[in-house]
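Only one chain is shown below, in structure tokens, and it's the form predicted on its own.
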Amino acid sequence: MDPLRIVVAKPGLDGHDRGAKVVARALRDAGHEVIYTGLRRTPEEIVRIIEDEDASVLGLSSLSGAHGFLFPRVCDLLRSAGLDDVVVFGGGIIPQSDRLELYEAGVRAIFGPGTTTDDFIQFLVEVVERRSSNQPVGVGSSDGWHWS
């Protein structure tokens, strides 16, 4: 698998980034090019970074409870910028009851506490395989992700 260009971002005012850094390091160790944005980025800044870095995947991390606004806002801005082919996944403290709305907004997978690095790396392997065979990337389900 060719390496992906992946942006890992912390939208909003959430100041906890240990999980995002673990994800970024695991993705880098798996051979991908990873750009970590740092803390407290606006959705507009995140989309600008995706454009500037020509990234194909975006990982969003939220522990503050603002995922219900921030994740859909980023997805909307990506579509407005013509970047609807960017695969968005999320992580953090995101209740099951909030996930369907995030999937409908464009988030393709959500990984919560206890997710192994192998889980999200396998997700990216499947994304690449589906893209290379012109299959839809799909949307998440309540228990991880599924393909439409």
Partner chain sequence: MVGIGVESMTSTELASQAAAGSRRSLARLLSLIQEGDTASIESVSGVENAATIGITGPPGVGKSCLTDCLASYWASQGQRVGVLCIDPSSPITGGSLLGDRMRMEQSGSNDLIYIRSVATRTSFGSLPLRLMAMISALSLAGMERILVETVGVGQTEIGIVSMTDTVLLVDGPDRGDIVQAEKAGLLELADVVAVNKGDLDGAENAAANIRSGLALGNSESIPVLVVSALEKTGIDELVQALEEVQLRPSVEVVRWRHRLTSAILDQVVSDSSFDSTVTSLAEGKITLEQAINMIFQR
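Everything numeric here is computed off the predicted structure, so don't read it as measured data. Numbering follows the first chain given and starts at 1.
If you look for the form predicted in complex with the partner chain, you will not find it shown, but the lines that follow are about it.
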Closest heavy atom of A55 to the partner chain in the model of the complex, within 4.5 Å or not? yes
Evaluate A81 for contact with the partner chain in the model of the complex, applying a 4.5 angstroms cut-off between non-hydrogen atoms, and reply yes or no. yes
Hey, in the model of the complex, does R18 get a heavy atom within 4.5 angstroms of the partner chain? no
So in the model of the complex, does any heavy atom of G38 sit within 4.5 Å of the partner chain? yes
Counting any heavy atom within 4.5 Å as contact, can you tell me which stretch out of 109 to 117, 66 to 74, 42 to 50, 91 to 99 lines the partner chain in the model of the complex? 42 to 50
